[in-house]
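The form predicted alone is given below as one chain in structure tokens.
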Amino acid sequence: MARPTDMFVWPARLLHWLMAAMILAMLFIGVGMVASVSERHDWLVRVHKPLGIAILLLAVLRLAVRLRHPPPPLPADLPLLQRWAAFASHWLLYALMLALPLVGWAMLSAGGYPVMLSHSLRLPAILPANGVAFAVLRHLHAWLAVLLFVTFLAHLGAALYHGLVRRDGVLGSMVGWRPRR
């Protein structure tokens, strides 16, 4: 059965909302990690690493779904600048979902820290130990996280604009609502 052209396929919708929750959690966990010196710090680090790798793997899967099943078209009356912003911000989100975990993994590798996904599952280092590389990648990871948060907020704002102001079906295409005719 062919899907309606005004809706994202269900795997895209599922991955979108699952990853939105994971990324939002990851951003708050990351802030908590750098702001905490309590006993929770080690727990936050142990959650942050496997969650980052899960986001990386799901981002690859999500990108494959998007390439196989293109998104529904934007409304025809959407201004060109908004079309460009939608296109650019979506690809920026994909780039950040891939780059942030890889930069984090490279940072930990350069710092000589293991990337443990569980007590017994350790990822291989992707860079040799190097203090300068660790410092640079640590700052890059932090700045990319800020950029992800800002882009996430802009995406949320655009979704609310489409859903509450324009009421043009763009938000509904990802939520699964059919616009009223």
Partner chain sequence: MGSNWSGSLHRMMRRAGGWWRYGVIAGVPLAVAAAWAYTAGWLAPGRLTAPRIIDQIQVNSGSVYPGYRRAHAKGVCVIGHFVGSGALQPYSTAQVFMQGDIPVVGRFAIAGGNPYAPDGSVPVRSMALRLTQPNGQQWRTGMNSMPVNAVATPQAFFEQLQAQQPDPATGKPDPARLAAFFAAHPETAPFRAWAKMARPSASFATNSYWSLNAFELVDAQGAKHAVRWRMVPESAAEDAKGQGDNYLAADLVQRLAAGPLRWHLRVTFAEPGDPTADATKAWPADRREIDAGMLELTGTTPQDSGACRDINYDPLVLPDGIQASDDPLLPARSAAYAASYLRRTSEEAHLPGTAAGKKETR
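Numbering follows the first chain given and starts at 1. As the structure is a computational prediction, the values presented were derived from the model and not from experiment.
The next section is about a form of this same protein that is not shown, the form predicted together with its partner chain.
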| item | value |
| --- | --- |
| Arg167, heavy atom within 4.5 angstroms of its partner chain in the predicted bound form | yes |
| Non-hydrogen atom contact His119 with its partner chain in the predicted bound form at 4.5 angstroms | yes |
| Non-hydrogen atom contact Pro101 with its partner chain in the predicted bound form at 4.5 angstroms | no |
| Residue contact check: His48 to its partner chain in the predicted bound form, 4.5 Å heavy atom | no |
| Contact test, all of Ser36, Glu39 and Tyr113, partner its partner chain in the predicted bound form, heavy atom 4.5 Å | yes |
| Within 4.5 Å of its partner chain in the predicted bound form: residues from 51-68 (heavy atom criterion) | none |
